[in-house]
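Next up: a single chain in structure tokens, the form predicted alone.
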Amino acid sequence: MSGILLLLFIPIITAILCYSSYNRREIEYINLIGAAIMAIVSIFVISASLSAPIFFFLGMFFIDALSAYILSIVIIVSVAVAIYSVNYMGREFENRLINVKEIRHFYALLHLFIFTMLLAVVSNNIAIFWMAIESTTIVSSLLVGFDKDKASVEASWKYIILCTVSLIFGLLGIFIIYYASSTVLVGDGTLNWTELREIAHDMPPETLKLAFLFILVGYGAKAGFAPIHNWLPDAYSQAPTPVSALLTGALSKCAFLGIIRFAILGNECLGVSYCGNLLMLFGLVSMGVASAFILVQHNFKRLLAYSSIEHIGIMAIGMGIGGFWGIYGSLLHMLNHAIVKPLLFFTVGEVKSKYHTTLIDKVKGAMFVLPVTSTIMLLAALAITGTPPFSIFLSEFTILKAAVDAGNWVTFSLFIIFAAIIFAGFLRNFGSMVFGKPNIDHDGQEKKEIVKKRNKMGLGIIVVMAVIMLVLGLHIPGFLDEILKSSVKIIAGE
């Protein structure tokens, strides 16, 4: 219990220390040290939770194998973002686009954002989980609008309004779940998920059907399901690059965890077909909408935003198909996407800083201007479309295997069609950006040296994530396989 409390307090303390400092270098060191301590403590917490669930504070908080797995994803992405932010924000500061006050605000909000996600992951009480997810909206909306220009402020307001309205549906779903539990417990309902699971098979089926619909709309909008995704392209494209990476790599997984938890309740009461069919429907619609919009994009950050909609759809499809391989593939896809998509955002962030634009047509010959970064960007673009031998190919193949095993040929066929369209769109757009004659002037020698020193840390985390992307495509480590299998058992009710 003390380890989990410490894990929750670390980002809060880091945020306070970052906000209290007026020295840029000091703030950067606090940010990195806080992220490192958080990662170290999380290793002990996650390891302890794999043998048996850990409960604390009257059972309102807990961590089991499933939440430990999502927690590990949040930690990995958060640490990568904390490292990359030093390079990104330092460059903004040196170009006099921001001042020390704004750096203080950025890092304080960044670590508060991490805290809200950690709180959501370890919440057993479904009302506290809802409050944590709503808190992520409030904090991250300030980060989305960090640049304070017209487009970013508009994206921030759109994000906070649409997600808050959608989460009201989620709150109604929680009220309905509480009512359903009170009918079983004779007037004394419960909001603790572990207790709800024990009585789920006795809850009124029609009531639970309605509750899951509200939950799916509420948390689905936050995760990025189409057609309730309207906030996502604007927020991802206007937010600072580290924030975009954190939104897609970590926050979407937290929201999807909420859907999984309620789907488990639905499966206990209704059987697997009701929740599974709804998840497959939303997943296929998300892939279809993403494939259409990816073909017509002119902004590479919006392109990546629509790709995120595609991949949350793939996770939903795997979870909807169910069975061991469907659930296993969906969970593995969460991790693979959490590595590859932030990596893509990091690389396009470097391209944006070099070319001073996010328009695809204005970026040519990146291979010659940024050889290492653009090479990794192209590899990551191939990886995100499911190209072998990269990690996402493995998880997508696993989900397709589950569809074949279940005889779900409609889902299998639509999946292949949408994936092929998206592959073509990515190959065309990223190929045009990477190859061709450079359309910007080469910098002077003095400026090159400054950029070289400043990019060392940012380039380092890009290379590390690229290596992980490749390794996970070739081999699933034993410890990862074990936590995945334990999570599958929790979801499948074994």
Partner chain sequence: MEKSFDLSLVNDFISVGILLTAIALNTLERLESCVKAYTYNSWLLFLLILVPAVTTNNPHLYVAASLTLATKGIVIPLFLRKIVYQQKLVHQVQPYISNLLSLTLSGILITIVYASLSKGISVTGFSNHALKISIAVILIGLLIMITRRKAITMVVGLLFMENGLFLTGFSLTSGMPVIIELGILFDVLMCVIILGVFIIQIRHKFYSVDLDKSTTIHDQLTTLKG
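Numbering follows the first chain given and starts at 1. Values in this document were obtained by computation on a predicted structure and should not be read as measured data.
Not on display, but discussed next: the form predicted together with the partner chain.
Does Lys101 make contact with the partner chain in the model of the complex, using a 4.5 Å heavy atom cut-off? Lys101 lies outside the contact set for the partner chain.
Against the partner chain in the model of the complex, would Thr164 count as a contact residue? Criterion: heavy atoms within 4.5 Å. Because a heavy atom of Thr164 falls inside 4.5 Å of the partner chain in the model of the complex, the answer is yes.
At 4.5 Å between heavy atoms, is Tyr306 in contact with the partner chain in the model of the complex? Taking the distances in the model of the complex, the answer for Tyr306 is yes, it comes within 4.5 Å of the partner chain.
Can you tell me whether Arg96 touches the partner chain? I mean in the model of the complex, with a 4.5 angstroms heavy atom cut-off. Output for Arg96 is no: heavy atoms all beyond 4.5 Å of the partner chain.
Counting non-hydrogen atoms within 4.5 angstroms of the partner chain in the model of the complex, say which of Lys401, Lys352, Arg302, Lys364 makes the cut. Answer to the contact question: Arg302.
Since exactly one of Thr411, Thr241, Ser141, Asn336 fits, which has a heavy atom within 4.5 Å of the partner chain in the model of the complex? Of Thr411, Thr241, Ser141, Asn336, the residue with a heavy atom within 4.5 Å of the partner chain in the model of the complex is Ser141.
Since the chain is shown here on its own, which stretch among 311 to 319, 413 to 421, 167 to 175, 278 to 286 would lie within 4.5 Å of the partner chain in the model of the complex, judged by heavy atoms? Correct option: 167 to 175.
Can you work out whether the partner chain is within 4.5 angstroms of a heavy atom in all three of Met131, Ala155 and Gln297 in the model of the complex? Every residue of the candidate spot has a heavy atom within 4.5 Å of the partner chain in the model of the complex.
For 52 to 80: residues with a non-hydrogen atom within 4.5 angstroms of the partner chain in the model of the complex? Residue within 4.5 Å: Met60 only.
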